[in-house]
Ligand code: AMP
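Shown next as structure tokens: one chain only, the form predicted alone.
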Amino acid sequence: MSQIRSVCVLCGSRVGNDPDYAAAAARLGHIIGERGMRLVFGAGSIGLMGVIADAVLEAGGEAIGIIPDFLMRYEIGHKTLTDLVITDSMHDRKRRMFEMADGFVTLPGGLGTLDETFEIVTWKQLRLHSKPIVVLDTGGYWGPLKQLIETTVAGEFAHPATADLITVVDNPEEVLPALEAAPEPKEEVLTSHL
């Protein structure tokens, strides 16, 4: 895997009910910023999005926000980013985030986070990219996601190598090493379905 310089973080527009979620987002943001890396994210000033962006900027990193115009009109866009990209649609937002990232990290979040995560994992399964995907499982939040993937494999709706499309870690310090060490996707994750 090539060096990771730009990380797309998928996360909630709320902070959730466990203070550990925000603490993990802030810690990861500081790690990204201290490494001089670029954060690519959904541009929100609210929730875990705002927490991680503020931490990256505070630590000297870059934060590039990508937000559709209709959400910007709700005035939730972060105002002090390195760059703010306004798109026409959610689809354009996800495409731009994908293009600007060397790897992806999923933090706790809601339906939008699930949508973005599943799309990027599915694109990897289809061999449209080989970028690493790491899930930060703060407080066991993503246990049901891991179980769902195991269930699809056990039900023979997915090849066992599908589980290797993501790497699950428990703390922010493990995220960047996991991105850099992520295995290439196996051809069987696609061809076993054809």
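Sequential numbering from 1, following the sequence displayed. Bear in mind the structure is a predicted one, so any value in this text is a computation, not a measurement.
One more form of this protein exists, namely the form predicted in complex with this ligand; it is left out here, but the text below deals with it.
Colleague: Of Met90, Met100, Val121, Leu84, which one comes within 4.5 Å of this ligand in the predicted bound form, counting heavy atoms only?
Modeller: Of the candidates Met90, Met100, Val121, Leu84, Met90 is the one lying within 4.5 Å of this ligand in the predicted bound form.
Colleague: Answer for Pro185 alone: is it within 4.5 Å of this ligand in the predicted bound form, judged on heavy atom distances?
Modeller: Contact check for Pro185: no, nothing within 4.5 Å of this ligand in the predicted bound form.
Colleague: Would you check, heavy atoms only and a 4.5 Å threshold, whether Ala25 touches this ligand in the predicted bound form?
Modeller: Close contact is absent here: in the predicted bound form, Ala25 is far from this ligand, nothing within 4.5 Å, heavy atoms only.
Colleague: Evaluate Gly12 for contact with this ligand in the predicted bound form, applying a 4.5 angstroms cut-off between non-hydrogen atoms, and reply yes or no.
Modeller: Because a heavy atom of Gly12 falls inside 4.5 Å of this ligand in the predicted bound form, the answer is yes.
Colleague: Report yes if any heavy atom of Gly77 sits within 4.5 Å of a heavy atom of this ligand in the predicted bound form; otherwise report no.
Modeller: No, Gly77 sits far enough from this ligand in the predicted bound form that none of its heavy atoms falls within 4.5 Å.
Colleague: Quick one: which residues from 82 to 117 get a non-hydrogen atom within 4.5 Å of this ligand in the predicted bound form?
Modeller: The stretch touches the partner through Met90, Arg93, Lys94, Gly109, Gly110, Leu111, Gly112, Thr113, Asp115, Glu116.
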